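Before any questions on how it binds or moves, here is one chain, the form predicted on its own, in structure tokens.
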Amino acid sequence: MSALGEVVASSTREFTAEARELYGSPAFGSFVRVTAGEQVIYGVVYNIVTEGVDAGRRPVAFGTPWPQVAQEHPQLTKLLRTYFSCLTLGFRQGERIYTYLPPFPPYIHSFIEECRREEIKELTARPHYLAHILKSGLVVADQLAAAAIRQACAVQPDAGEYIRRAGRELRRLLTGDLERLKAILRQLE
């Protein structure tokens, strides 16, 4: 499995990576993994940004689509970077996955890979990870929960049953906030 990016900022709660290729980040809501010493840390992508390498200089509009700009100005691929940030969902130590924060964050310069289907299946087998997403304080927490459920459904043996279990967990977590619950459920239709 090839690396999607390299960790450039890290904490136990979240980590950010620079994508190996410009615009080469995993999709919003994708499950990723980072090996850090004896543990594998799992996260879900919640933000993707492309910006100039010089924080003091903002890219300017060219008025043409990106493929044409890249062809006419190939140096721009060296002046722009794509970063993606991941919310930590759990970690593997030995043979077991724990769905809470790891004892240590990923190492800077560690490589991030896509999770294998089996890992996603194990990490999301019980929808406890949804509490961590919904209580994260992220502005996109509700959209992230829906995207993560959609990703998890793709690897579960019975997607319909998984959606029902996730829906029950969402209902439990969002008791008293019916509008928020309905908004998330609409994203699962």
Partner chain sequence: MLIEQLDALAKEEMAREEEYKIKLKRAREVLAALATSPEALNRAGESRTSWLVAEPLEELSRPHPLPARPAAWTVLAADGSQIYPDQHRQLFCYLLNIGLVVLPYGRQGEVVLASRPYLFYREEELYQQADGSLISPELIACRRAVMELEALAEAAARVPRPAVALVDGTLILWSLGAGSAEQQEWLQNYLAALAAAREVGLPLAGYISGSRATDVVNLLRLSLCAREEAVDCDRCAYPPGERPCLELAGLRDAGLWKSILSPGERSPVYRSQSRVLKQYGQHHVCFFYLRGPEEVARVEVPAWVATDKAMLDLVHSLVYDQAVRGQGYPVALAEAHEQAVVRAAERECFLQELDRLRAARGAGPGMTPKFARKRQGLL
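Just so you know, these numbers come straight off a predicted model, no measurement behind them. Numbering follows the first chain given and starts at 1.
The same protein also has a form predicted in complex with its partner chain, omitted here; what follows describes it.
The single contact residue among His73, Arg117, His109, Arg96, judged by any heavy atom lying within 4.5 Å of its partner chain in the predicted bound form, is His73. The chain is drawn here without its partner chain; in the predicted bound form, the stretch among 55-63, 145-153, 33-41, 122-130 whose residues come within 4.5 Å of it by any heavy atom is 55-63.
The shortest heavy atom separation between Ser85 and its partner chain in the predicted bound form exceeds 4.5 Å.
Residue contact check for Leu101: none of its heavy atoms lie within 4.5 Å of its partner chain in the predicted bound form. Contacts between stretch 74-92 and its partner chain, counted in the predicted bound form as any heavy atom lying within 4.5 Å, involve Pro74, Gln75, Thr77, Lys78, Leu79, listed in sequence order.
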